[in-house]
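Only one chain is shown below, in structure tokens, and it's the form predicted on its own.
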């Protein structure tokens, strides 16, 4: 069972606010990307360590993250396929090796068939970056629990909203993704662990993915 950890980020609020402002202006090859400096570095480490041949991203937005992941995996010499899913059909670039799907994080079975998932080259990396509501995050975690193998990761993004947002704004997200992480680990924590080497690489939970780098261990 994963032991309790500090719930939030070690950075004080004024620093978080300034970094978030830059994050929301971040692009990659002129495509909005919305990644902060800590997680840009942490994902590079994670991809090099795990060398995923398949990446599934829940929450495509404009495709900037998928484009960056594809380029990074290519530079690492990793044959890869990326499936990026979003409930909104937005303009996105054509990216070799990336397939964009219309889909809902709360009903992934309608988009990702068992046949598709069984055929994916492994290792698999899953990134949950949908609407940041606990019901969605918990649905994504439970869905992929049936498919992840030991050593593979599911990353829950933007648990930082608890630290960034006031109570009224956080309420619009029903409390953000962190309650879903806690609920999932209460259910299935014997088979998962929080990768503290990633979460705490720059200080305790100095990542927008607070307690969100989850590694399957059994």
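Numbering follows the first chain given and starts at 1. In this text the structure is predicted, and so the values were computed from the model without any measurement.
We do not show the form predicted in complex with a small molecule, though everything after this point is about it.
- Residue-level contacts in the predicted bound form: of 55, 156, 60, 42, one residue has a heavy atom within 4.5 Å of the small molecule, and it is 60.
- With the partner removed from view, the residue among 189, 32, 37, 151 that has a non-hydrogen atom within 4.5 Å of the small molecule in the predicted bound form turns out to be 32.
- For the marked spot (145, 182 and 211), a heavy atom within 4.5 Å of the small molecule in the predicted bound form is absent from each of the three residues.
- Not displayed here, the small molecule is approached by residue 130 to within 4.5 Å at the level of heavy atoms in the predicted bound form.
- Contact check for residue 81: every heavy atom lies farther than 4.5 Å from the small molecule in the predicted bound form.
- In the predicted bound form, no heavy atom of residue 117 sits within 4.5 Å of the small molecule.
- Shown alone here, residue 124 lies farther than 4.5 Å from the small molecule in the predicted bound form, counting heavy atoms only.
- The candidate stretches are 174-182, 189-197, 60-68, 44-52, and the one lying within 4.5 Å of the small molecule in the predicted bound form by heavy atoms is 60-68.
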